[in-house]
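What follows is one chain in structure tokens, specifically the form predicted alone.
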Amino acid sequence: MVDAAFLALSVITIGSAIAALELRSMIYGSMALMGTLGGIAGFFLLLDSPFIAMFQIAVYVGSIAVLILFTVMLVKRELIFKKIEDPRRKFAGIGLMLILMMGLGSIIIDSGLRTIQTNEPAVDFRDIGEDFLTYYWPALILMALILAGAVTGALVLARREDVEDEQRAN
């Protein structure tokens, strides 16, 4: 059952990642990115890490991908996001990806990594949550302020474009 779930998640994640890169519409591309990040959360669930999976969904799918989607929808300038198609770049990217994957694969295979059995208890997710609220709260607040600043910047750009359009109309 796990193999079938892994295979399904792999197809969904890789397919939506390719769609995120290849779709011409930025809105559909950002929604495909959300699918990719959700697939990665599914991998964490298969690894018996529900806390990290929920964190992945909350932070990356729920915050960052939605922020990208809202920013793309607010900034209406499609000319900024036009792709310049060059087949040589596409084949060069595929070749570079294959070289990188083969290099990383050979490093991992030759590294001799093995599963180490330890008698230490697993880290409790409550401890991780407590660390987030006691030690890492400044980083979380800073991340929230950066995301809020990005949305505010998108609103300013969208408003500036509307004002310029009104001035051209008059």
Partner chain sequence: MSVIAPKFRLGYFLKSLTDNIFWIIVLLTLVGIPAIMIVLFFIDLPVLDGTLLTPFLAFTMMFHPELAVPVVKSLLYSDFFRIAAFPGFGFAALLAAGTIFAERKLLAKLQLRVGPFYCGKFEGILQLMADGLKLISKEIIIPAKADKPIFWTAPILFVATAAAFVSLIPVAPGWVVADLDVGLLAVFAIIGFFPIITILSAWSANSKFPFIGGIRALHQMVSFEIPLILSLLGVVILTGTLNLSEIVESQSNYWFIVFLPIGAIVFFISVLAELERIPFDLPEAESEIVAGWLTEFSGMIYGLVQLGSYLKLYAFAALFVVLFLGGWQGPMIVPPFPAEIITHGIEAGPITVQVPGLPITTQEMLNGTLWFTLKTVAVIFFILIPRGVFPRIRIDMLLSIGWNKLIALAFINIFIALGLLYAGVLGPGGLL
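Numbering follows the first chain given and starts at 1. Since we're looking at a predicted model, the values are computed, not measured. Note that the rigid core is defined as the largest set of C-alphas that superpose within 1.5 Å between two forms.
Another form, the form predicted in complex with its partner chain, is not on view; read the next lines as being about it.
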Note to self: Taking a heavy atom within 4.5 Å as contact, would all three of Phe6, Phe44 and Arg88 count as contacting its partner chain in the predicted complex?
What the structure shows: no
Note to self: Taking its partner chain as it sits in the predicted complex, is Ala58 near enough to touch it, meaning that at least one heavy atom pair lies within 4.5 angstroms?
What the structure shows: yes
Note to self: in the predicted complex, does Val66 come within 4.5 Å of its partner chain, counting heavy atoms only?
What the structure shows: yes
Next item on the list: Please check if Met73 has a heavy atom lying within 4.5 Å of any heavy atom of its partner chain in the predicted complex.
Entry: yes
Check: Is Pro50 close to its partner chain in the predicted complex, meaning a heavy atom pair under 4.5 Å apart or at it?
Finding: yes
Checklist line | Neighbours of its partner chain in the predicted complex among 4-29 [non-hydrogen atom within 4.5 angstroms] | finding: Ile27, Tyr28
Next item on the list: Classify Ile18 as shifted (yes) or not shifted (no) between this form and the one not shown, where shifted means its C-alpha moves by 2 Å or more with the rigid core superposed.
Entry: no
